[in-house]
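We begin with a single chain expressed as structure tokens, specifically the form predicted on its own.
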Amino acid sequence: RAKRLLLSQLFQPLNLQGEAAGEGKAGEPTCRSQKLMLQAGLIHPSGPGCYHYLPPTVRAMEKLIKVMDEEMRAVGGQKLNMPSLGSAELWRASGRWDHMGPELFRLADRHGKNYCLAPTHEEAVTELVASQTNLSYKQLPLRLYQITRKFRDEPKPRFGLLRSREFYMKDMYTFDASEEAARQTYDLVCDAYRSLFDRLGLPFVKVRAATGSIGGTVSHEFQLPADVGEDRLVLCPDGHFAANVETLNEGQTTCPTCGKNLTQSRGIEVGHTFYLGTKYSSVSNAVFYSPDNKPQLAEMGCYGLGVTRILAASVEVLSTEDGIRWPSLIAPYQLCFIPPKKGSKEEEGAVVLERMYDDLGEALPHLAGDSVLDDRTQMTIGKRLKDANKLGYPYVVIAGKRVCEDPPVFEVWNQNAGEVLFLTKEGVIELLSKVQVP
């Protein structure tokens, strides 16, 4: 039998009433996700743009990473892990040591050798592939990815995990034998990103984007429309065209396809894709041998997903002002059980609810570690239900007035659907059997 997870024992310092600590000095911009995540004990500030991710956030992040792994494996991705320290020589060779400017965290070791804390890994992965001296066309396409901590010396870190100096990213780097094959890979990875956001139930738009400091000739961003977003987007009302305003010609206000007026919106960038061509492979001489045994430069692409940014952006776009809503697939915990208040006339229902908790774990083992028992029985059910709403459990099971009936009837709140059901134990198990966890 799985050990019961008691809310009072979880390391999740709640501040559900007050102003969230570390929310920023007076006048500093904050946003819904930052406020809710601080109040719910999901993150705790440690310095400008740096946060402790507390256990519930790590649970959500691990679930999100599992979904990413599934989507990356489906397109032939192989997972690796590259060093966070990037050699200055490599970055100088690509020209980015100077081009990145003050956003690059730089440091020197005791021997005076210079490094950066990598914000991205194009140089490192290309050098790695270039070191395979007898790479054959038969081994391509090569699709390598990692999910690691990245660093960027943001001049103005803000909005919690939406713009921080230390963050998690999924970055994939692809190597193909021809431009045509590389563009097929590009479309394939974009489709995997679409699939990921669809599974999370996030309302994304894919927009034409500038290539920026990464470079290349084709680029798209995956954006979640949100008022707090830092990117300005233009969209055709019929869906024929979508772009970041950075890419527009001066004075362009109509859709190039249908001529309709473009509407403006703001967005949070959660994914970015680039077709790089031979920009990096030519610097490191990352070659493969063609069928007639001639060395050819690999055609590359790179593809990023902001892991911690997706967590915060999900909370930003799905939540209400006073309650977190997660994509149900990645909620830290799927279920909260609320027993009656100590001393209330339904108090004997506590035993019934605890039995229900244990039975559910046995009937649906995949939910055993995803269920929290709110054992703060000195508080009323109403107060704990309010807290559960703020914390964003997709389902809340309450031992209310009808728990003493025969058979006992539980009150079940489906938070994402906004409905309340009254179900017997069998009904609860049947309802929750449909819940998916990665």
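Note that residue numbering follows the sequence shown and begins at 1. Everything numeric in this text was worked out from a predicted model, so none of it was measured.
Keep in mind that the form predicted in complex with another copy of the chain is missing from the display, and what follows is about it.
Trainee: Identify whether another copy of the chain in the predicted bound form is within 4.5 Å of every residue in the set Pro13, Glu103 and Leu117, based on non-hydrogen atoms.
Mentor: Spot residues vs another copy of the chain: full contact, yes.
Trainee: Looking at Asn293, Gln264, Thr253, Asn81, which has any heavy atom no more than 4.5 Å from another copy of the chain in the predicted bound form?
Mentor: Spelling it out, the residue with a heavy atom inside the cut-off is Asn81.
Trainee: Out of Ala368, Leu297, Leu142, Met356, which one falls within 4.5 Å of another copy of the chain in the predicted bound form, going by heavy atoms?
Mentor: The residue from Ala368, Leu297, Leu142, Met356 that makes the contact is Leu142.
Trainee: Can any non-hydrogen atom of Pro155 be found within 4.5 angstroms of another copy of the chain in the predicted bound form?
Mentor: Yes, contact at 4.5 Å.
Trainee: Indicate whether another copy of the chain has at least one heavy atom within 4.5 Å of a heavy atom of Glu405 in the predicted bound form.
Mentor: Result no; Glu405 lies far from another copy of the chain in the predicted bound form.
Trainee: Does another copy of the chain get within 4.5 angstroms of any non-hydrogen atom of Lys434 in the predicted bound form?
Mentor: Result no; Lys434 lies far from another copy of the chain in the predicted bound form.
Trainee: Does any part of Tyr51 reach within 4.5 Å of another copy of the chain in the predicted bound form? Heavy atoms only, please.
Mentor: Tyr51 belongs to the contact set for another copy of the chain.
Trainee: Looking at 407-415, 32-40, 59-67, 380-388, which one sits within 4.5 Å of another copy of the chain in the predicted bound form if you count heavy atoms only?
Mentor: It is 59-67 that comes within 4.5 Å of the partner.
Trainee: Out of 128-164, which residues reach within 4.5 Å of another copy of the chain in the predicted bound form, heavy atoms considered?
Mentor: Residues within 4.5 Å: Leu128, Val129, Ser131, Gln132, Lys138, Gln139, Leu142, Leu144, Thr148, Arg149, Phe151, Asp153, Glu154, Pro155.
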